[in-house]
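First comes one chain, alone, set out as structure tokens in the form predicted on its own.
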Amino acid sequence: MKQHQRRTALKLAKSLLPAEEFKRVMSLKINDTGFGYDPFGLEKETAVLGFALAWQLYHYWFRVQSSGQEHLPEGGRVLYVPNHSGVLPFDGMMIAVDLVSRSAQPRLVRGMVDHFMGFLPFVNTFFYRAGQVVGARRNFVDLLERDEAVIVFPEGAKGTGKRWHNRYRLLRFNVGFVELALQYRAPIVPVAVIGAEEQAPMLHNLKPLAKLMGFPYFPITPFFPWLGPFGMLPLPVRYHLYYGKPIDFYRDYPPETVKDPATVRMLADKVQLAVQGLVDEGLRRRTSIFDFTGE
């Protein structure tokens, strides 16, 4: 953006946020290369405006509740590893807002997005400017070397494409995040997201159409494609986020462990069990899917 556009973006963000929230998000630091962007294309003004828009969903639509912030590292590299669902990735967005709004030390978290997002015109540029990064291994490594906080979804795009009858059953995790956690001595924080499965119940996946369009899936929900683009609007479910204790595999396993596929697989399964445990506990605690009562 040009300078006057950046000023306008901040002015708009300030008008959308309570004073304390605006102060918190403005306290976030980026590694500016001298042109207003970090090496991945993050632009603070776009990130702040994106936060302000996402905060409206966070506060008024999904009415997010969260717990376990005492487990969150206040600095240094860290991997946040949640379950993934909901057709559209509002889950990652809500975690990112929560880590700014409710952490003792607000942090900008970088989301690793699927490769196909990098080919969507205009959307891809906004994602880069707001701090999202295409999930290439080199990008992942660069973020950890810069001591960034990263959200990674080991279920991949298949997680958001889970059918309704498989809700809250985690798909087997990919192992790449464990390899990088070992090599770069990064703690892994398991995260459970309760609510996203119900925001857009996926009844069927039209695989031939998805393949034709280059998408990982083409969803059929109770509202899409029957209502057109409006059918993609999520239902106003209440989100509940649960953060577990950090898992520090690197304390017990040296970096050379990445050469042992069986051990890496076992460690990834341990993280999956930790996330599934948080999910199961969150479901037991939940009393209502929508819950429009106060906090």
Partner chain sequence: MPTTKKNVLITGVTSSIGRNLTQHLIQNPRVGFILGLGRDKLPYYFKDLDRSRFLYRNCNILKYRELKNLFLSRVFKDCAIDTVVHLAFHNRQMHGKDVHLLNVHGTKNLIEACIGTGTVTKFVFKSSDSVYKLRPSNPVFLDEHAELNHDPEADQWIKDRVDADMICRAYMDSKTMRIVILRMASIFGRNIGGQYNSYFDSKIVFRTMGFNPMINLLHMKDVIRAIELAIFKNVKGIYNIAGKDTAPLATFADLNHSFCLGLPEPLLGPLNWATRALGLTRYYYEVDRQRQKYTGLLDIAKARRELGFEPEGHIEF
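Note that the structure is predicted; figures quoted are calculated from it, not measured. Positions refer to the first chain, counted from 1.
Another form exists, predicted in complex with its partner chain; not displayed. Remarks below refer to it.
Although the partner is absent here, T33 is a contact residue: one of its heavy atoms lies within 4.5 angstroms of its partner chain in the predicted complex. The shortest heavy atom separation between F40 and its partner chain in the predicted complex is within 4.5 Å.
Its partner chain is not drawn, but in the predicted complex it has no heavy atom within 4.5 Å of P208.
Interface membership of D142, defined by any non-hydrogen atom within 4.5 Å of its partner chain in the predicted complex, is confirmed.
Proximity to its partner chain in the predicted complex, defined as a heavy atom within 4.5 Å, holds among Q183, N174, N124, N166 only for N124. Just one of K158, H204, H71, R146 comes within 4.5 Å of its partner chain in the predicted complex, counting any heavy atom, and that one is R146. Looking at 217-225, 72-80, 125-133, 90-98, the stretch with residues near its partner chain in the predicted complex, meaning non-hydrogen atoms within 4.5 angstroms, turns out to be 125-133.
Candidate site formed by R102, R251 and K270: none of these residues places a non-hydrogen atom within 4.5 angstroms of its partner chain in the predicted complex. Looking at 1-22, the one residue that comes within 4.5 Å of its partner chain in the predicted complex, counting any heavy atom, is K2.
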